[in-house]
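This document opens with one chain alone, in structure tokens, the form predicted on its own.
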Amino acid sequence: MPFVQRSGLNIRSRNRLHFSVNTNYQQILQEIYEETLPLKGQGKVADYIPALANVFPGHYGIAIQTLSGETFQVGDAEVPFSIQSISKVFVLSMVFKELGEELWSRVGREPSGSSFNSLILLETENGIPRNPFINAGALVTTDCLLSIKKEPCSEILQFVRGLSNNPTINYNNHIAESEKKTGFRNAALVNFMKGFDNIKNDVDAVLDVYFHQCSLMLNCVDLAHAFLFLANGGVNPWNQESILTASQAKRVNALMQVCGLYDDSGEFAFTVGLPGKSGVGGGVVAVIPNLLSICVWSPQLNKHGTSLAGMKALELFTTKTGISIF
């Protein structure tokens, strides 16, 4: 499948990785796609959210966006899906930009070692979540967003549209409502933290925004575009807007490296070697600073909630290209 090239990117001048110049990304994507097709049927689509249980399990797509302005894709890379916890990176970035270091008084920066929706550590750590990517931490950053934005759902939507360079991106209200009806653990988390005074706004309002951000519908190409600012020192290459400082972008990447896949983060770091973020919708996005971002989507998950094909595809990508952050 031929690559799609988009012009108009204004990339911050910086040194490129020397081995990227002659890399045939399209050929590599095709090889990876074919080698990982046998993984279909080995995982399980997320069914604890009823609206996700109906997703066709055979979908599979990969997309790359480079800082030189090229997009490469294969498979179902243009089929939108619910990005779920990948959205946590966007909300974290919005809040981190506004609050800076103040944010870390309410949420930690350490791996949790537990599942994404666990309540265990909140009791012993006085309602302070270990990191902003577990559900408890994301609920805190969402609460922060409610405190600094008058219309948080609208602000999130405009933020993601700008990063992805796609003004048509929207929420899936059916999925948001499905999460609301079954989100008992998230309700428990936010109420528990409210008891420790680590949630400042109305809990129902926090949950409503959280469920909506998780229901955002993007495809692999959109997500590869949207994460490119984290490969570009915090600057959105589509319009040169400074989303984060270079220091803040480095720290968000570091958090993705150690916490982005919950209790699968160590395995991801070991096998893939890139900062990444997963979602139970089956998407996994990873970043190579100064070079590119890559998104894989396959809804069938392993026991940790990570896309089986996505994990393997990214492992093969760093192996075949010889590119990782290590």
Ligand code: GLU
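Residue numbers run from 1 along the displayed sequence. On a predicted model such as this, the values are computed, not experimentally measured, just so you know.
This protein has a second form, the form predicted in complex with ligand GLU, left out of what is shown; the following refers to that one.
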- How about F116: is it within 4.5 Å of ligand GLU in the predicted bound form, going by heavy atoms? yes
- Does the 4.5 Å heavy atom contact test between Q84 and ligand GLU in the predicted bound form come out positive? yes
- Task: Indicate whether I288 is a 4.5 Å heavy atom neighbour of ligand GLU in the predicted bound form.
- Result: no
- Query: Can you check whether Y60 is within 4.5 Å of ligand GLU in the predicted bound form, heavy atom basis?
  - Reply: no
- Which among 207 to 215, 98 to 106, 72 to 80, 150 to 158 is in contact with ligand GLU in the predicted bound form, heavy atoms within 4.5 angstroms? 207 to 215
- Item | in the predicted bound form, the one of N186, N131, N219, N253 near ligand GLU [non-hydrogen atom within 4.5 angstroms] | N186
- Assert contact residue (ligand GLU, in the predicted bound form, non-hydrogen atom within 4.5 Å, options N236, T141, S164, N135) equals N135
- Message: For the stretch 267 to 291, I need every residue with any heavy atom inside 4.5 Å of ligand GLU in the predicted bound form, listed N to C.
- Response: G279, V280
